[in-house]
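Presented below, as structure tokens, is a lone chain in the form predicted on its own.
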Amino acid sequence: MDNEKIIRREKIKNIIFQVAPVVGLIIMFALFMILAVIKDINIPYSMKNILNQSVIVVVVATGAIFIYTLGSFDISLGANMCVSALIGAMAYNRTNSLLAMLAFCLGTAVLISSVCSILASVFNLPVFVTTIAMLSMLNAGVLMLIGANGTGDIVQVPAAAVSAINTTWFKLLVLVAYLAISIFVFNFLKLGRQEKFVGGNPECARLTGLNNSRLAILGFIMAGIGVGLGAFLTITYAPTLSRNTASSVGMDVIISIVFGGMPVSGGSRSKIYSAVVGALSMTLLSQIMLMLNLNSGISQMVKAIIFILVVYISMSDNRKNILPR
């Protein structure tokens, strides 16, 4: 009888953890709409801004799920995205081809992500160690690329060249297509199941014959595709690139994934939709605080507090159930 109560209690907890992020998103959307009506704000224009702000984070965070599920993380995503966008923009300026720009964005991002995971495998290091080193290298690469461009501090694509694809429908098309691919790979192929197993307990996964290094490489490749698409969308939205491009993306991705209800330890509770729910929630929260005339410093403090609370609740519930790693 006691076992039945424990099982029932655990099921209720799991349901709450799955539903809570969606409920939070609905509450924030309702609060946003109420404030917009009270303050007589142009709602369609505001919703378009929310989409523009969140779509890039959603795309990058969706790919990052494949890394975080393994129980690892990558702090070089923003720098990777900046380098990929710069190379993609320079490719367009040489070829006048949007396809070439997309190909170079994707190719550069996937290459950089793959190098991170391969180096970790070769030197038998935790993946996050190589991403820290890669962050420094990429930041130096950004300065070199901008200097090589010859314009001093920017790399620019003509706004007219990307105006045709700088639309809500195109961004939604890219987002939906990548989400569909990621959901299929994560939920219906063995890659997703194996990554959850490794994230839950890497030692046990290794003893059962899983190749943790191969899974890490595949996960980083999927993440690199998301970064490359994010770089391409960044150029379409803001065709003037600088050393500060995508500087906040890395932290935004971490916060979005946690806001979406995914534990930072990865494992079986990892979900692709966490990226979507979390990014939209974070963007709506930013808009709400902007409506309340709160400065950026207070906004960052509020996000940090919520981030810590969500991580604490998630880890405190799971800590006693996690097997030794």
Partner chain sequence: MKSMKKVLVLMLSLLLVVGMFGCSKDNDGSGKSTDGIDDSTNVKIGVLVADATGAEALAFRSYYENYIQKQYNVTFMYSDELADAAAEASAIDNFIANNCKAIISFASADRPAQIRKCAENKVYYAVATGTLSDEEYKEFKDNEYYVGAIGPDLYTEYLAGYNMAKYYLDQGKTKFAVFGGATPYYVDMHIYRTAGILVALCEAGGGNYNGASDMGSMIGTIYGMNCQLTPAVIGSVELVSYIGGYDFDDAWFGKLAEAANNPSVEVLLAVGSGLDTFAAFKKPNQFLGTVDAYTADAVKAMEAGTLNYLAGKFSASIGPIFMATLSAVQGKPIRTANGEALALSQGYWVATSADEAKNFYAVDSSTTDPAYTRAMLDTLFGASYDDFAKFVGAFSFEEIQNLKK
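Residue numbers count along the first chain shown, from 1. Remember, predicted model here, so these are calculated numbers, not experimental data. Whichever C-alpha set is largest while still superposing within 1.5 Å between the two forms counts as the rigid core.
Absent from the display: the form predicted together with the partner chain. The rest refers to it.
Note that among 213-221, 232-240, 102-110, 85-93, the stretch whose heavy atoms approach the partner chain to within 4.5 Å in the predicted complex is 232-240.
Remark: I16 counts among the residues lining the partner chain in the predicted complex, judged by a heavy atom distance of 4.5 Å or less. In the predicted complex, the partner chain sits within 4.5 Å of a heavy atom belonging to Q156. In the predicted complex, the partner chain sits within 4.5 Å of a heavy atom of L309. Contact annotation: M291 falls within 4.5 Å of the partner chain in the predicted complex, judged by heavy atom distances. Taking the partner chain as it sits in the predicted complex, the stretch 42-66 comes within 4.5 angstroms of it through a non-hydrogen atom at N42, Y45, S46, N49, N52, Q53. With the core held fixed, V22 shows a CA shift below 2 Å between the shown form and the other one.
Pairwise change in the predicted complex: A30 and I306 C-alpha atoms lie closer than in the shown form, at least 3 Å.
Cα of I306 to Cα of P263: at least 3 Å longer in the predicted complex than in the shown structure.
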